[in-house]
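In structure tokens, one chain follows: the form predicted alone.
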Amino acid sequence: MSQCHGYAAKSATTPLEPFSFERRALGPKDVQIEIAYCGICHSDIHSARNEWGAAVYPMVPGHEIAGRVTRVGKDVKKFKEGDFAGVGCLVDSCRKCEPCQKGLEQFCAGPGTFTYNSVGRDGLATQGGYSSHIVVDENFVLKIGKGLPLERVAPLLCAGITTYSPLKRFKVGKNSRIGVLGLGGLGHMAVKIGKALGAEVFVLSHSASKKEAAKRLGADEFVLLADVNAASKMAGHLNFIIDTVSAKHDLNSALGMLKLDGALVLVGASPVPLEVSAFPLIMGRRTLAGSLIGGLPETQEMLDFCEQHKVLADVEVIKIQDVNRAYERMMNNDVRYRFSIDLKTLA
């Protein structure tokens, strides 16, 4: 066992605070990573505040982890000390079910073991990346290219793969015209990855203040949904829409922007049910789908793609002591576009 220091939620209603705990002993197939940066995801806030239920405390959040390998088990083949490495939303799975066999560990029937607020094979609660180090089986560790800014790579382990996976699944490419609904942590990655795939990218937003940012990120067009004339011109215009909005909103108007056989994919999780009329789906033979993250092979593919195309998250680096204020700012949409915690500040 190794002593680990981090920040934890002790209950759904108390601020995160310093917390010490033990990581499991290094096994033969394990990799120990000194965490340099950890991104803050909205899922961290929902989990820490028990807004999705099933929270177990104390809880150390964080599943956008980037750092350096400091120790490896005797049977580890993929990593060596000094390598840059990352950990995303999963740290284990059953490895036997059909999804696992297909490299879709995020849909493990086991179920899979999440990076935090889950239970590992050893029966211990998993704790996440708001901490000094982590011990993970090498098959659930991702390779990060040397020389990359780890603070900007860390959010790719959730925000990057969450947007990359559906874009690849629906074969977005040079002949695609895509819409990005919402321009936050997920949306800004969808714009960057969509452009890197060669697509024509339209940012769809109710906020006029997002126009300049959309252009700066590389979007070809900005559509203000509150402008009825601008929105109506988009009817039947897009091949694909990635919906990153995590609040109640109108899906039917977005579906109407799709061409024949177009697809709208939800990656944002609204806390309330969304109404969908049958007609926008039936009349255009359109698809309404959902997407989670990606499996380990696809996540590594995403990291390699982002390195090749120089796609990185836009971040604001913070000290761990400022994490509670960062949570409040995220809930007020006051971040462009991801907070990345500098874990050196734990000291």
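Numbering starts at 1 and follows the sequence shown. If you're wondering where the values come from, they're calculated on a predicted model, not measured in any experiment.
Keep in mind the form predicted together with a small molecule is missing from the figure; the text below concerns it.
- Under a 4.5 angstroms non-hydrogen atom cutoff, the small molecule in the model of the complex lacks residue 195 among its neighbouring residues.
- Using a 4.5 Å cutoff between non-hydrogen atoms, residue 215 does not count as a contact of the small molecule in the model of the complex.
- In the model of the complex, the small molecule lies within 4.5 Å of some heavy atom of residue 291.
- Using a 4.5 Å cutoff between non-hydrogen atoms, residue 16 does not count as a contact of the small molecule in the model of the complex.
- The stretch in contact with the small molecule in the model of the complex, judged by heavy atoms within 4.5 Å, is 238-246, chosen from 121-129, 238-246, 76-84, 139-147.
- Residue-level contacts in the model of the complex: of 201, 158, 134, 264, one residue has a heavy atom within 4.5 Å of the small molecule, and it is 158.
- With the partner removed from view, the residue among 29, 319, 46, 309 that has a non-hydrogen atom within 4.5 Å of the small molecule in the model of the complex turns out to be 46.
- Contact with the small molecule in the model of the complex, defined as a heavy atom within 4.5 Å, is made by all three of 210, 333 and 338.
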